[in-house]
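Next up, structure tokens for two forms of one chain, structure 1 and then structure 2.
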Structure 1
């Protein structure tokens, strides 16, 4: 994983340099201080940092290992980075350490273009400005489903039925793909499914709540789905599932919206124009789609001077304007004015606007600990070493120890 990320980061930074070269972006002011930024390395960030570079004196660092570098970098005084790219999962350590600053004054002065929907507020203060949303949604081979006369599945039960039909027809190697790699990915799949069944991960008193009806239902459903997957699903991450799609070896997967664009990339995909998207399936009738809402956005460091912060914020605003959207309309589900959804974003929008809506992934310390515990303990259930009850009990035990160590539980 690590090395794949590294390679990806390398590739993207090359792409970023190339993007500078044509320099079509414009900026309405001349930036006079050195601004550096650390963010993830996917396509949307390349587009945004490209727009920011037009203001001058700006050097972005796009690195998939940003989540380990950011807390330390921002805690330094003065901060090593003026700007940071975060998501609702990775903003937590910055909030906890108080290393990012409230942006309300800056928004009042320079943020006319922002819509209220973009403001991430904690206790009345705006701590981050979101530029895009991401969500896991159902991606499927439109051609295969229509050939076999299958309606687009809207629930996981229907996904199972469809998978059965596809399996019998034998048109692909495996009907389903899923990001079930042990660790972060499998935990995220569980978080989605568990939320779909209406469960509560962590109670208000910080005790775990996964060992419940909903937890068992989620594991049961995930296990039934694995029967239609490549048996090596425990090493399968987003990139692997994306490639399975591109090589035509799977027909359906609940995959990140940010991966949808790659399906129509003629350089690497054999299924251009054949993949469609729909809302993430429901786990139960009347529930929310089994997914969580994510946003990606920009934060400004606390440990820098106010002048620097102002310059940094203005530069950031130049990056998340409609010009960036015009330059890279398919790179993300933008929250920025001027964004027009295309076919591939239909599923993500349907997921995000469903009623009831899926929850946003909670940015809390507890959730970080729970995510790790899930990622470490759940694989034993899928390898058949333990029962679902034992796996969930182990998750709760692991979470409890970690929470005690972190000072959240007595």
Structure 2
């Protein structure tokens, strides 16, 4: 499994040897071309773009709405951005549009520091360079569970039982947090839970498969979990849940590993040293953890000159190097030489190496269309406007129309 290999690669990396010179990032060349970059806004991208900035003439745009802005920005000619921060869930529109370029020549010239695990190959060409792995795993207040005599939950049924005990104790505002914001986030929560119940999102003939026993089981579990959340959970994204943890208002959440380091940020967290991680819970006995495996990395625009592309790639390499890992070791589960896993990465590694292992999120057009349909149609179920059966039927109808327009279905 690709992602299992990635996670293990991080686990066996050697100790860091580099450090920022005088506390500041360094760059081995002077960039003379204006380079812009659009990526997500979580802590790892802050660290990486800080490293890139040392080369000069670099303007990062860190925006959680990057996934909706990138296709149009990269389709412009010339491209609005020379670099993009992507994941296996967001690279597909750029690949389909042909707006990012193969990187093999640039890697041969300037990528000596990269390992094979970092090279994301599509149809025999390297189209992205991965810098980290990511996965949603269980994060929990170790002190609260210990005080209440609760064992670390390993299944979603155990999470519900633990949530009930925490709620009765009244030690936090809400026992649970979740990235249930209407749109992309709630769709991802469904993807995780649906996969945990063994469902098949899209069949081999490109027809949808979510209106099924597994789909109903996933929605039922998600709805039961909301009973222990902030009632405004449909506006709750990753940053919201991170802040809920940091402010001590929740005790458990299945949250991105890329958010774990923020729990111990003394500048903004009230729960330093109190949050632990474990594998994503199982939805059913004998199943895989109810999560999907992701990578995050960089791409280079196609609609720019070769000279700009070379400067952009060299700038990127200055950001995804061992200096960045040494400066921000807890910001991510890095795939970069120098990374050593810490306690907060234990849950992500346990999720990725479980047997059976969770699937990697598929970088396919079909999955992109399904994810959009889920994000648009599922909120009506959680607001009580439609039944679970009606919501799943609406998802399949929306997907089918989109797949027909894309030429995937007749």
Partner chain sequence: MKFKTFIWFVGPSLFLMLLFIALPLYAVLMGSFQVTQPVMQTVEVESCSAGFLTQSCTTEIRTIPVLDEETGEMLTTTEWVGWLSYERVLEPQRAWDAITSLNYGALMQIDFWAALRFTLMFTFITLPLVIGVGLAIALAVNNAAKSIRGPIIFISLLPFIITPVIGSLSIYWLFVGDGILTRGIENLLDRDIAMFAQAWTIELLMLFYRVWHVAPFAFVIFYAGLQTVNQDTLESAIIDGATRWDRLKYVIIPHLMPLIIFIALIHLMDSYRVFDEIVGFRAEAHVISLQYLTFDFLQPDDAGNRAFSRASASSMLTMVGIVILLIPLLRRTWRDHKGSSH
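Computed from a prediction, not measured in an experiment: that's the story for all the values here. Note that the rigid core is defined as the largest set of C-alphas that superpose within 1.5 Å between two forms. Numbering follows the first chain given and starts at 1.
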Return 1 or 2 according to which structure is the form predicted alone. 2
Aligned on the rigid core, do the two forms place the Cα of residue 56 2 Å or more apart, comparing between structures 1 and 2? yes
Using a rigid core alignment, state whether the CA of residue 148 is displaced by 2 Å or more between structures 1 and 2. no
Superposing on the rigid core, is the CA of residue 93 displaced by 2 Å or more between structures 1 and 2? yes
Using a rigid core fit, what is the CA shift at residue 299 between structures 1 and 2, in angstrom? 4.6
